[in-house]
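Below you'll find only one chain, the form predicted alone, shown as structure tokens.
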Amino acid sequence: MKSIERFFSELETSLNNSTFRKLVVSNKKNKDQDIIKVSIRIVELKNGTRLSFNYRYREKDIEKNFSFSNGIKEAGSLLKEMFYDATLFTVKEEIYFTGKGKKGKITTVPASLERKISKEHNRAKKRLIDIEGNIYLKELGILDGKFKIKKNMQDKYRQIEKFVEIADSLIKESGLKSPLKIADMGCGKGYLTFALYDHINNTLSIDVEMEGVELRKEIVDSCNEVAKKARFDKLVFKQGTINDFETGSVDILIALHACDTATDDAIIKGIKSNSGIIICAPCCHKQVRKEMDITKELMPVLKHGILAERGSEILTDGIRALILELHGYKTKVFEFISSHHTAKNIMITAVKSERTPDKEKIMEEIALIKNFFGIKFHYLEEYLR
């Protein structure tokens, strides 16, 4: 019997005799794929017992449920097409399979931990930002007096968690080391600023100096008071605009919901300071919208104001991502949280890469896009030129 056939025989046996704990498929074959690993567990649903597959990507998780037979087939496809390795955890042993080599290989060791098999689909999730005794979340109005999340702040808390999850992934991808210097441009009330400082300093145990930049003095003063109460000694808030701020050397630059070209101003600061990571969530896209000179071919579609507006948003952020690539960054543009929680949900992330960009090709791509849509001027491109 081949190694992979034996492995799936063990998987089927563990499911049939109720000794299955979980299955993890990992070590992707194509390193450029966004997917990281797939974890499989048993859940009890209204329509019966199922295998729940958690597909872990860099910026999101996707869950799908399968019957036992279809779940085994799906795991087989994953190992055949996308991953080299799989680990089957049972009550008594752990069975490791690797598909590297001509025949593959299986190794079996005793279970490292005896524990009850959980079939709860909605079991409590481990939080990235702990709410128990969390002073700053209470002071910022996310938690009530008993340190419970307020009903009207559930969406905001989910947004905070998601942002921290994304930043955590980017920090690990970038390879940035302690100490870190971070600037959060236009930080507002500091929800995300406090949470990221907390996660980096207390969870990742990385020494960090962080500044939040905000125009409104009363908010700056309030945030500095909260930082003192939380004993966040290296987190400070300063009054000013993005243009006023002198970045110096900044490892991570953040600008969330900066309006129109203020996002470009923040990107400029990040590029000029050679930041290892730049994170933006743009808001408003007026500059390119005014510049667009719609061709006859596109007029039937873009004559509708809402479609022209959406089109300008896509063009603005697409060109921003290309310009970041031009300056040596690996970029991604994605929805960082559901539009149910906030309409301002597009995020651009950029991680400094060691690869030399094909500048001529990227510049040609930008020129073609601008020419097709009649865009004569893009703020970020012109400023950096």
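Please read all numbers here as calculations on a predicted model, not as lab measurements. A residue's number is simply how far along the shown sequence it sits, counting from 1.
From this point on, the text means the form predicted together with a small molecule, which you will not see here.
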Per contact check vs the small molecule in the predicted complex (non-hydrogen atom within 4.5 angstroms), the hit among 227 to 235, 81 to 89, 188 to 196, 133 to 141 is 188 to 196
Any chance I314 has a heavy atom within 4.5 Å of the small molecule in the predicted complex? no
Check: Do K162 and the small molecule share at least one heavy atom pair within 4.5 Å in the predicted complex?
Finding: no
Given that the partner is absent here, does I242 sit within 4.5 Å of the small molecule in the predicted complex, heavy atoms only? yes
So in the predicted complex, does any heavy atom of I129 sit within 4.5 Å of the small molecule? no
Heavy atom within 4.5 Å of the small molecule in the predicted complex, from candidates L204, L307, L215, A111, belongs to L215
Checked I166, I72, L180, A262 for heavy atoms within 4.5 Å of the small molecule in the predicted complex; positive is A262
